[in-house]
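Below you'll find only one chain, the form predicted alone, shown as structure tokens.
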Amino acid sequence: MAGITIIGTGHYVPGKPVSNSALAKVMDTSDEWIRQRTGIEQRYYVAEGEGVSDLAAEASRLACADANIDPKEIDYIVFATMTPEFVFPGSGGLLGAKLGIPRVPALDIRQQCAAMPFALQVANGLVLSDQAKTVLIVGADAHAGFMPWEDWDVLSGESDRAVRPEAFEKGTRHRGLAVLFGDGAAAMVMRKGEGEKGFIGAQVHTDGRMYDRIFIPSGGFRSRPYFTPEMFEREEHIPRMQGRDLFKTAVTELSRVVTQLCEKHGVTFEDVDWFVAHQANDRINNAVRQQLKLPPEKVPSNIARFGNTSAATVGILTDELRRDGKMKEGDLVCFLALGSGLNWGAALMQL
């Protein structure tokens, strides 16, 4: 039975690009330092008061236009984010209201950077079980809120005043993580494919034993209240990351899950036209590519221009490939990603 396939995509990033050199104004870093470690050259940040559903609405309208449908034809939303507007409710319902479809069910999922393989599996199940005909999958994240600096006017170039030494030191303490992230949204409109086209299968995993590889220590409901002044004093509202362990785990598990998924469905790596990987770090993706012995042209990258937009990376890259005419109907695509949780997985789809 044919599974879902992509009929439209769109993406949106807010504001003007923020270069590596701009980050050097608020922390001890440089363009060379960031490029060498991540492959990133610039990223985008939401404005104060702008949330993920705002970004997602822009991306979703573009995806609907690409699919040549009215948003009112959407009958289910799957929304992935780790940076919602509110602790609750989720952002999916806010997106539905902004698209003019306020009564459409919206499922919020929390697989962070690994969202897309999970979202594709869920959307495929909804369609094949006749619970939905047209599913909107959205990945959107706004990381500006946990950036470790306070001098946004200096970062943007609106002011050339000196940054306080204490603030500069704080930014520097967290630079290994802060330089990675950018803000953005991507949307995919999904419907059941025809013939042999569509979703082939997914293999996804979650291992909570490794939750502390990357997580935010504060803001949980083990404490009363769930945020305290002491948490901010200890800078626990900023994510913690065990970079070396995360790198090793990502390379090992992504290589394994792609291999197992392809073997399960009788697909060779030569059969696959595109390996669309989560854009966390160019070093991780290059290591996975080398371990799987994949040609560079099959593993595209756009992290240099966007940074890590978490749940949005796979969708942004897919949209760019489609709009550039590179990814075409009939192509076999493998989507792969790993994120906090830890969650990871891969999905195969014939467009």
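Please read all numbers here as calculations on a predicted model, not as lab measurements. Counting begins at 1, following the sequence as shown.
Just so it is clear, the following notes concern the form predicted in complex with a small molecule, a form of the same protein that is not shown.
In the predicted bound form, the small molecule lies within 4.5 Å of some heavy atom of N308.
Among heavy atoms of V179, some come within 4.5 Å of the small molecule in the predicted bound form.
Although the partner is absent here, L336 lies well away from the small molecule in the predicted bound form, with no heavy atom inside 4.5 Å.
In the predicted bound form, M231 stays away from the small molecule, with no heavy atom inside 4.5 Å. Between the small molecule and the residues I74, A280, V127, A119, the one pair within 4.5 Å by heavy atoms in the predicted bound form involves A280. Think of it this way: in the predicted bound form, the small molecule has a heavy atom of just one of V272, I214, V257, M147 within 4.5 Å, and the residue is I214. Taken together, D28, R37 and F247 are fully in contact with the small molecule in the predicted bound form: each brings a heavy atom within 4.5 Å. Checking 168 to 176, 261 to 269, 186 to 194, 100 to 108 against the small molecule in the predicted bound form, the stretch whose residues place heavy atoms within 4.5 Å of it is 168 to 176.
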